[in-house]
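Encoded as structure tokens, the following chain is the form predicted alone, with no partner shown.
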């Protein structure tokens, strides 16, 4: 009887250990056009983002990584990639594919609303979602790093909706 209890106990320990060590495989983000999250976004959002992109766009300069890779913007308290940002990311991916030796750091940024801790986590989710999208477009994952600055590095120091909309972004730092 004691021998059976020991065998059952060892079996349970082995099964438990296998469960812990095998775990789940890392989940890859799947990028599909027209997800439910996108469809819920108002049409006005895309128009205001295009206006923001025009305001943020640099002056005409020679084609460099800084001028060719554009930031993307996010809705308040969201980390999903908006439809207008998908087009920007496709152009960014084309540039990165043509410049295969370059590496990129994706910085996740937030507006000043919310706690510092919450905004750091939200900025990281934004950077990670952006990275996942680029990886699904063919950019090697090893070329991309992410970092969150939360609300610490605002693009616009203002305290209104226009400034906050510019600060909710994923910014790209490309190195050759």
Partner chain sequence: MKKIYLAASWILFFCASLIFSNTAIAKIYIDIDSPNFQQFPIAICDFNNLSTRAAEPLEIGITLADEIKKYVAMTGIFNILNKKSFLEEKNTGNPAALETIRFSDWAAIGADYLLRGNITPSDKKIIAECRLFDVTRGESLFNKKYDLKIGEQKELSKKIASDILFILTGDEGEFNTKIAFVSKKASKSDIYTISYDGSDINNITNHQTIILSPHWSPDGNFLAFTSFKDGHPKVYIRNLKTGTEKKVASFEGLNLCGFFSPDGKKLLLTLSKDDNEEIYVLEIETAKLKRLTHNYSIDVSPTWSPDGQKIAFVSNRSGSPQIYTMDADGDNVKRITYEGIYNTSPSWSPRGGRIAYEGLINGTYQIFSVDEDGNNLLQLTFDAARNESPSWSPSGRQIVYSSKTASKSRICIMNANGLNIRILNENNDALTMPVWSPRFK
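These figures come from a predicted structure and were not determined experimentally. Residue numbers count along the first chain shown, from 1.
Here the subject shifts to the form predicted together with its partner chain, a form of this protein not shown in this document.
Student: Flag residue 112 as yes or no: does it have a non-hydrogen atom within 4.5 angstroms of any non-hydrogen atom of its partner chain in the predicted bound form?
Tutor: Output for residue 112 is yes: heavy atoms within 4.5 Å of its partner chain.
Student: Indicate whether its partner chain has at least one heavy atom within 4.5 Å of a heavy atom of residue 78 in the predicted bound form.
Tutor: Yes.
Student: Against its partner chain in the predicted bound form, would residue 143 count as a contact residue? Criterion: heavy atoms within 4.5 Å.
Tutor: Contact check for residue 143: no, nothing within 4.5 Å of its partner chain in the predicted bound form.
Student: When the contact criterion is heavy atoms within 4.5 Å, does residue 152 count as touching its partner chain in the predicted bound form?
Tutor: Residue 152: contacts its partner chain in the predicted bound form.
Student: State yes only if every one of 117, 124 and 132 has a non-hydrogen atom within 4.5 Å of its partner chain in the predicted bound form; otherwise state no.
Tutor: Each of the three qualifies.
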